[in-house]
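Shown here is one chain on its own, the form predicted alone, set out as structure tokens.
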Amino acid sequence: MPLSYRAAASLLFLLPALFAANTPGFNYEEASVPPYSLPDPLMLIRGTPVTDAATWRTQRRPELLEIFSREIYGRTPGGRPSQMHWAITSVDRAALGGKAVRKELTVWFTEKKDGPKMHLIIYQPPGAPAAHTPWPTFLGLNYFGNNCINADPHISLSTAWMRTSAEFKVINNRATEGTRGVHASRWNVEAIVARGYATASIYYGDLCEDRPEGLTRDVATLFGTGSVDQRRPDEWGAIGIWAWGLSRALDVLNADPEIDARRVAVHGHSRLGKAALWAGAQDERFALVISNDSGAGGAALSKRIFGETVERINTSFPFWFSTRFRTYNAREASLPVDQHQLIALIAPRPVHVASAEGDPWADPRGEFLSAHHAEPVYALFGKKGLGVKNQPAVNQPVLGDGLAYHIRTGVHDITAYDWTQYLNFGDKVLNR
């Protein structure tokens, strides 16, 4: 019996962890990858090659943004709402035993306090505001409320809908006290702050619930988004909404004198890595973009037909992408773009792509190849890219010029090892 959208979403949320054992019916063998041809990121639609950065910026980049918007992610219908406003709801300058400053803010997207909103949390190194230059910052979305990123008992508990999960202490679609710190290892707050960075986060469900109903609630209501199957073919889905929210968080950070909004790295894991890439491709204010195990629809090449496919992701999560993307189900060869061009859209700003050896569902080699095939665009800006032709060995990161890649041991997750690489790359490209 086919799964309902709700049941499929609940099950598929856990799939990356389950796919350490290869799933029947999906390709996990390099020898079985079909021949494929990648579209040239430096060839205009009319067939003229791009040979300089100015032509890339004024002609090719807009072309590619249009195609990704129309065919895959859907169009972002607007930027910062005119009535958007926010307020700091709490500040503790001796948080985490005096090791950090914690700030919580509520951001309303209209003039109404009972309208769509999101909650932003910031941890930054300690010190009086006038005692330091503004902090470079890592910004990302979280899965179980801001309370999940650290065990700090003073973080406000999310009251938004979230997926019920016994593992993560979510009962009846609501966070409990037990959700505090359930993803602390993925955020590594203390290590980031000790390194001289701020870290900021938003619960992705504040923006769009990760279920079909999300397209008719919260941020989607601001733009009259249609339901899952009643949208216009090029109307955005959840990934577009989550990416939009990251840009709105950057608006807020830009107004904080203690944060250097010129040095904000946007990052994300899995589906939120897809959102981070799409946010970075659209919003050139992000100084660094980080994809952690983002897989299909993220950093992995679609045309390789390895692990998760276009058809599987569109069937399992029909509310993530535009409905037009479904026309490429089992027809990846017909896609006019591939994900190396998504990474190229971020050039010349740096991108770090990360994979896990035990995560074949996300196609680690396909993620590496996306970064590798984006190099010609980085070369237009005088950057060498990764500087390697072959996928590096496990736990041997390549922090190149503009592009970085690593694959580590382990499964679908974010680990302290990942954060060490991101911080090292941040030190290199954010002018620490």
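Just so we're clear, the structure is a prediction, and the values are computed from it rather than from any experiment. Residue positions are given as counts along the sequence shown, with the first one as 1.
This protein has a second form, the form predicted in complex with ligand GTR, left out of what is shown; the following refers to that one.
- Screening 211-219, 264-272, 328-336, 111-119 for residues having heavy atoms within 4.5 Å of ligand GTR in the model of the complex returns a single hit, 264-272.
- Proximity to ligand GTR in the model of the complex, taken as a non-hydrogen atom within 4.5 angstroms, holds for one residue of Trp135, Tyr143, Trp244, Phe306, which is Tyr143.
- Scanning Trp361, Tyr203, Trp236, Phe286 against ligand GTR in the model of the complex with a 4.5 Å heavy atom cut-off leaves one residue, Trp361.
- Under a 4.5 angstroms non-hydrogen atom cutoff, ligand GTR in the model of the complex has Trp320 among its neighbouring residues.
- In the model of the complex, Ile192 stays away from ligand GTR, with no heavy atom inside 4.5 Å.
- At a distance threshold of 4.5 angstroms between non-hydrogen atoms, Ile313 is in contact with ligand GTR in the model of the complex.
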